[in-house]
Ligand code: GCU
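Quick heads-up: it's one chain on its own, the form predicted on its own, in structure tokens.
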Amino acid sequence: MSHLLSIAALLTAVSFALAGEVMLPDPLVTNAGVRVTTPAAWPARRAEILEIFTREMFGRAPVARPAGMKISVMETTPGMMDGAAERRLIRLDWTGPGGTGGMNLILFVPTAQQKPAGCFLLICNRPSENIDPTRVQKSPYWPAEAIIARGYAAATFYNDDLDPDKHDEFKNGVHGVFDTLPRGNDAWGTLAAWAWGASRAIDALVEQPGIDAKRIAVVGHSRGGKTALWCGAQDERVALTISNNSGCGGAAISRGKAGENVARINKSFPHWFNANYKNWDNKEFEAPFDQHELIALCAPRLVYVASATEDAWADPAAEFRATVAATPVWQLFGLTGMTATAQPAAEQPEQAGHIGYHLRTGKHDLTEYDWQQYMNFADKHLSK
């Protein structure tokens, strides 16, 4: 374990030193070279950045909320979690040119409070037993009981409902239902399909009794963390976007990154992003964007990024640096973004600003410690 920690620490130190010398694209300078100096000018610049990430990385979804999408509460069960929660099993169904599809949404709503609750929506990219709706199996990956105990609703869906995580030339899942053929180089990949599904889940959540539609947080781990960032970047109903160990293609700066890089992720997971993203294999320094701008797309809303000490593949230093580089966009609104300029030590969360961050001791994982920090941050900021 100490050997792994020393290697991770060395890679993190090297990455941070190199990254400190790298010039990053300025999120507050428009494509025409004009500096954004007022909040009123941000929406136009935001649209430019959003288009870059759509065209060059995640891909373009062919439909937003499908016409005629049906939201059905299939089952309501009071008295769950020793009476602390009501469970709702919700089904979403849609129809497109390629046929029909849908997804299941699990929701627990706290029963002890009178006012509507904020809600944490987890994008589950692990086996479905991690989100067991019966609560016979409990996993720290989704500690629904702890979320309810803190006064929040707990919601989740299984990413495979939207698109199985395998490369089949985009024939299955929502791609098979909605894609127009032939697919262009900017057509959506699998991460964009999952993010689209998170927005459809929000369509359902905002209609649910007992849910505060203005306090919805989207959470994702690893590939789910990349997905959460893309969902939060696009969907302004997301009040808090949480990226847990998202690494390359997520929160981590690509320029000078240690561990996984763009070429490697495209080779290992050719279906995650659009075809255009492969143009930036080993050309991160030439790209007209970097991941701090993905975070900046969420401004002035709340964002939280988390890393782990043994997760050298994700590169914690590059993840933290992105929070610092995104901060000027929050400052444009007179808000504090990331309050630290040096990466905090492990188990020393930085949560005072509108961008939160912590480094957790341990491996690439989503743990109850991580969840507690997210809820601490929400307690400080999400109710305001």
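All residue numbers refer to positions in the sequence shown, first residue = 1. Only a predicted model underlies this, so the values are computations on that prediction, with no experimental measurement involved.
We do not show the form predicted together with the named molecule, though everything after this point is about it.
- Contact check at 4.5 Å (heavy atoms) against the named molecule in the model of the complex: none of 86, 88 and 131 pass.
- Residue 272 is the only one of 108, 272, 120, 277 with a heavy atom lying within 4.5 Å of the named molecule in the model of the complex.
- In summary, among the residues 289, 313, 178, 170, the only one with a non-hydrogen atom within 4.5 Å of the named molecule in the model of the complex is 313.
- In the model of the complex, at least one heavy atom of residue 246 sits within 4.5 Å of the named molecule.
- The named molecule in the model of the complex is not approached by residue 186, whose heavy atoms all lie more than 4.5 angstroms from it.
- In the model of the complex, at least one heavy atom of residue 222 sits within 4.5 Å of the named molecule.
- With a 4.5 Å cutoff on heavy atoms, residue 212 does not count as touching the named molecule in the model of the complex; it lies far away.
- Look at 263-271, 73-81, 92-100, 110-118: in the model of the complex, residues with non-hydrogen atoms within 4.5 angstroms of the named molecule sit in 263-271.
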